[in-house]
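Before any questions on binding or motion, here is one chain by itself as structure tokens, the form predicted on its own.
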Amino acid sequence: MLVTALFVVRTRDLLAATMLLGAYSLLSAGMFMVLDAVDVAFTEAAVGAGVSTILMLYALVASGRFERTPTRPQWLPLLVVLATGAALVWGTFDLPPVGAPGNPVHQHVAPRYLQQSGAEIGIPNVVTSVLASYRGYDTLGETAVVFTAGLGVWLLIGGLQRRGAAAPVLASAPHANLILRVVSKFLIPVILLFGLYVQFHGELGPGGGFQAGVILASALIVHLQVFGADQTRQIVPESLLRVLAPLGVLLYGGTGVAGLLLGGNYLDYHPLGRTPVGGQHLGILLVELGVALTVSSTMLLLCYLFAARVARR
């Protein structure tokens, strides 16, 4: 990973840097797998090595492949980076030793998550219990951030269409060869099926709304790359994505409101079911579905926007 990062810094070929960053993300996903952080590895592989690489390639089409050579030394940015780096390194001196069993994180909430989540939440995957229940506020904020970021990109490069103006023409189907078309027709259903498995198996094993949303979007992005954005838009219209992206956030937040109306606290799922554990299962299912809707819709909508931007050039 360090060697790859050094090559990214040194090269002025932005296409090579983009592909190296994808390789860096794939190496990161492998590292997370070695550390038994499979949920994070799913996200890193799908977002870092997959969707982010596609979006950066779209950006290169609009900006150019090679970075301009600076005409004079950039001393001020260098000083800012050095000062910021020195401050961060200085701050690490107060951190506890990495992996030490006596660290505060291992003595505070982690023991409760590991020892009591089975009885309180009733699902085997502790990661899902933490993200969707114990830290439900954090995950709601992350979902809102994804939606807000997508909305910001849409306003920047898409913009509001004037009344009566024609919608931008998306990129036509690329001249993909027969092998790509045939292989993708077999591959896309498998990706979709795996995404649904990750979504509904997140309580029992690695997975959840974030991972499933990106995987489902990746299948449609593959279709967009091979068959063209026009055909993909016929399958999933852009107008539908504009509804599903905020709907996911509303579903997540509405689940918390339902708990309030039933006499509990916000994002407290216990009142949603006949038993507290049953309420947790239903609440986690609803919020994970909301996360998947927002993430998948936002990712695919970004690709639509970039494809339209490239087509207008």
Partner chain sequence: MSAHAQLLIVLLPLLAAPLAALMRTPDAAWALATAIAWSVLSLALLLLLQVQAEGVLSYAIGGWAAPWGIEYRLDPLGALLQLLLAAVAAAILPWTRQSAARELERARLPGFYAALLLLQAGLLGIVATGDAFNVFVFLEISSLSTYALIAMGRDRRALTAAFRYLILGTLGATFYLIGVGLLYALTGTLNMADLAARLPAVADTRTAHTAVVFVTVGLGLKLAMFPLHAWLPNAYAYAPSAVTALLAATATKVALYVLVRFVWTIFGAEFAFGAIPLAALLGVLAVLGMLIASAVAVRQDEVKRLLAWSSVAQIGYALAGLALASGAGLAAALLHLANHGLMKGALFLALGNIAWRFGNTRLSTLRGLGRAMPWTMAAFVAGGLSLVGVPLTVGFVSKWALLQAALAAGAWWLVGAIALASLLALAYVWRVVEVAYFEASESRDLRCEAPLGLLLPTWLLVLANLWLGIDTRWTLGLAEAAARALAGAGL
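Under this definition, the rigid core comprises the largest set of C-alpha atoms superposing within 1.5 Å between the forms. Remember, predicted model here, so these are calculated numbers, not experimental data. Numbering follows the first chain given and starts at 1.
Heads up, the form predicted in complex with the partner chain isn't pictured, but that's what we're talking about next.
Can you check whether L267 is within 4.5 Å of the partner chain in the predicted bound form, heavy atom basis?
Taking the distances in the predicted bound form, the answer for L267 is yes, it comes within 4.5 Å of the partner chain.
Contact with the partner chain in the predicted bound form for Y134, defined as at least one heavy atom pair within 4.5 Å: yes or no?
Answer yes; at least one heavy atom of Y134 falls within 4.5 Å of the partner chain in the predicted bound form.
Is G279 a contact residue for the partner chain in the predicted bound form, using a 4.5 Å heavy atom cut-off?
Contact check for G279: no, nothing within 4.5 Å of the partner chain in the predicted bound form.
Taking the partner chain as it sits in the predicted bound form, is V249 near enough to touch it, meaning that at least one heavy atom pair lies within 4.5 angstroms?
Yes, V249 is a contact residue.
Taking only heavy atoms into account, state which residues of 228-261 are within 4.5 Å of the partner chain in the predicted bound form, ordered by sequence.
Read in sequence order, the residues that approach the partner chain (within 4.5 Å, in the predicted bound form) are R242, V243, P246, V249, L250, G253, V257, L260.
After the core is matched up, is the C-alpha of A100 off by 2 Å or more between the shown form and the other one?
Passes the 2 Å threshold, so yes.
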